[in-house]
Structures are given as structure tokens and as C-alpha cells.
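Only one chain is included here, represented as C-alpha cells and corresponding to the form predicted alone.
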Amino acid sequence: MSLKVKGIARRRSDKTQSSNMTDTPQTMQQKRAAFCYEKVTKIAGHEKQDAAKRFKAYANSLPAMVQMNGLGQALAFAKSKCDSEKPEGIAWQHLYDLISEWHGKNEGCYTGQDVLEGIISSDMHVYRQAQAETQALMVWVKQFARAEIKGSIDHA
């Protein structure tokens, strides 16, 4: 009899936990992680593997560029390197699009805008928020790039 009661109690507990888990909204970190994982796995499966390796290298260096030069300067540099033909350009384009799309989402700082257009048209408070948000986003991008993209750029 006590086993039967424990079994019922366990099922109720499991049912309560699962319903609580579905009712709990995702944290901002979870949203960033899910977004970044989707984007990084997309470039990891790119037909030009050199572009994926370059993406990994640029993802590692971009946070330092943002810290030293500011978000606007770093993204202007990234956008200047975008080219759909060369692996370097593909990698920069993917990185720029990833950041711009994140900031253009409802949770982002520049909803419905390109990130550079948003930087130009907004005030300094929003700019600082965007810079901090980009640094937080890049933590996930770097980690997933290291996990999903094997190898490094060949310097021949």
C-alpha cells in the first residue's frame, strides 16, 4: 500500500514539475544561447568550411574590437569586410547579420532596424545597452563556435 502511495505522489510531483517548467519563461541567457546556437550551427554546416573557420576566429576577436573601438566602429569594420564570394567576407557577413538580427528582435535594442542604423539614430544610453548586450551575446557565439566548428584557419 505504501508503494502505491509513493508512486502516486511521485507522478503528481513529476506532473507538477513539468507543468511548472513549461509555464516558466526563458531567461535572457537562454534566449541568447538558443539564438546563437542556431546561427553558429548554420555557419558550421556551410559548404565553404574555410568561411566557418574564419567565423570562429572573428567571433573570438570581435569582443576585443568592441571593447577597444566601440560597437559602432567594430560593426562598421565588420560590414566593410562583408563579401558573399570570399570565405572572409562570408564569415564577416554572418557575424554582422547575427548581431544585427539579435538587436532587431523584440528583446533587442534596435527593434526592427539594422544595428548600424539603430546606433546612428539612437541616444548614448541605448548605445551602451547595445554594446553590453553584444558582449553578452558574443560569449555564447564564441563558446558555440569553439564547440561546433573544428579546426582553425590555415595560414599558408
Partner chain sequence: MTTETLFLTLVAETSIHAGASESEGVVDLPVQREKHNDWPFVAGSGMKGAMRAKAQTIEGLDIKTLFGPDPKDNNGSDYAGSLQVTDARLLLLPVRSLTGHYRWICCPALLKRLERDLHRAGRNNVVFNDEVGEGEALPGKLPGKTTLYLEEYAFSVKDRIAESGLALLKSVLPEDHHDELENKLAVISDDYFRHLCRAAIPVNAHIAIDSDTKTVRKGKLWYEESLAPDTIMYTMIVVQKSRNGKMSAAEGKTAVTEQLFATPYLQVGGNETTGMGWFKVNQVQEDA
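Everything numeric here is computed off the predicted structure, so don't read it as measured data. Residue numbers count along the first chain shown, from 1.
Not pictured, yet referred to below: the form predicted together with its partner chain.
Listed stretches are 106 to 114, 84 to 92, 31 to 39, 127 to 135; the contact stretch with its partner chain in the predicted complex is 127 to 135, by a heavy atom cutoff of 4.5 Å.
Taking the partner from the other structure, its partner chain in the predicted complex has no heavy atom within 4.5 Å of any heavy atom of Ala147. When contacts are judged by a 4.5 Å heavy atom cut-off, Met68 counts as touching its partner chain in the predicted complex. Taking the partner from the other structure, its partner chain in the predicted complex has a heavy atom within 4.5 Å of a heavy atom of Ala64.
Residue contact with its partner chain in the predicted complex: Ser122 places no heavy atom within 4.5 Å of it.
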